[in-house]
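The data below hold one chain only, encoded as structure tokens and taken in the form predicted on its own.
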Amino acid sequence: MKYKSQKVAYWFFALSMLLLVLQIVYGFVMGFARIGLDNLHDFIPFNTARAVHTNLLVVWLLSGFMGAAYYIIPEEAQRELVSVKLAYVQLISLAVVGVVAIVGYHFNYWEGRKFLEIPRPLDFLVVANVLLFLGLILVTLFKGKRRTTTALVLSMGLLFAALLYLPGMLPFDSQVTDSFFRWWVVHLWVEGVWELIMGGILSFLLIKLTGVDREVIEKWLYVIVGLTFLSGVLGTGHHYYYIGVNKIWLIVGGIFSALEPLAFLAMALFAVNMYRKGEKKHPNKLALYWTLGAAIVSFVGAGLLGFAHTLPQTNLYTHGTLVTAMHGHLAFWGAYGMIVLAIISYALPNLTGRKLYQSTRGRAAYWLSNIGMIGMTVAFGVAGVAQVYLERKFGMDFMQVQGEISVHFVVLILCATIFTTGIVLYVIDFYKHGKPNDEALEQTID
């Protein structure tokens, strides 16, 4: 059974698509700057482009997660959202915060803290926005007819994500202390509670797309939650190696960072195993591709590539180089970008009534975006290894090294063009589905 209030999710997904396109634009600005074509420097200097690029990533993923929650929770709780009007207020305020932050970056109005550049006054608006969102989701869940493990894990991830934003708002005079707590936000989001959000969405999609019993799928979900908490929390230590804290973090960070791939391995095995067990021939193969792809690519990008450079002996040389960008791009794409695109691919036909499951455009979007992202990852990796050897091992000047490795950014831009072509096709498909309507929700196929 579908619920009319699920239509709210569509507009969060639409905002997510808009911000993704903007993020890509700023990525190209940086890419061209790296090969010497920095004609926009007077208007968009590199540091501004980087801040906008990374912050747009966070906001479009959060918008996607919120849209996923507004779609999943009513269905799991078996009741309408408690207030559709407040959900739209929350959407508008989220968009306003994003726009104001981006404009502020261009006028050098930001906090000087990497990945948490948003101006302090906007922090309070973010908190108010997220509290409203959580209120709507949690009240809907606990007033509902049932409380499933899938819904509880998704809600727990969203709740913890909100709570872990608060340490980033604390002011510190010490750079060491500031960095220590800043990673509570950055690391414990992307390598902790966001994994719970991913697990909840993944569980919902596999229940719908494979036909495997809910009990079987949700037992796997407990394993993923356990592995996430086991490795993710103390795995924060790999960010503490060289910021001035006690050396015990070299041991703690090294050991638990080595365990972090287990949660992503469990997700990959979970998704593939459920697909193989499934007997349900769901027509929406495109959503299934994105779902399985998210589980597998996240294991490679977040798990294996993360492990490859977070051991202390390796990280001594790779820290702060393009090796980090290699890991970061494929990790965010696989673990979070693809799962957002998966839930959108599943929800759109149900919201709009247009069953564009097997369009050539949709399949091309999937393959081109993934091929392009893998190419970008390889280009970052080769450039990063060259940077490590030239700069960290041979002692070459930083700017001289940047000139030497600029050729790899030509390859990166070519691969980014392939990736962008796939995303543009996905956005066109999104637009072609049309707007949500009540009649479509009454005729959806589970």
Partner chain sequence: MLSKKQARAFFLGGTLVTFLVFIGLTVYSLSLSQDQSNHENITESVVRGKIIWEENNCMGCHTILGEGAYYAPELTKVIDRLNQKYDGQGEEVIKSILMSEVPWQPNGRKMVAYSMTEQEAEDMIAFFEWIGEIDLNGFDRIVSPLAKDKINN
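Positions refer to the first chain, counted from 1. The structure presented is a predicted model; accordingly, all values stated were derived computationally and were not measured.
FYI, the form predicted in complex with its partner chain isn't displayed, but the following is about it.
Of the residues 133, 333, 110, 346, just one reaches its partner chain in the predicted bound form with a heavy atom at 4.5 Å or closer; this is 110. Checked against its partner chain in the predicted bound form, the residues 102, 364, 162, 245 give one hit for a heavy atom within 4.5 Å, which is 245.
Heavy atoms within 4.5 Å of its partner chain in the predicted bound form are found in exactly one of 346-354, 71-79, 86-94, 179-187, that being 179-187. Its partner chain is not drawn, but in the predicted bound form it has a heavy atom within 4.5 Å of residue 324. Using a 4.5 angstroms limit between non-hydrogen atoms, residue 225 touches its partner chain in the predicted bound form. Among heavy atoms of residue 417, none comes within 4.5 Å of its partner chain in the predicted bound form.
Residue 286 falls outside the set of residues with a heavy atom inside 4.5 Å of its partner chain in the predicted bound form.
Interface residues of 363-389, taken as those with a heavy atom within 4.5 Å of its partner chain in the predicted bound form (partner not displayed), are absent.
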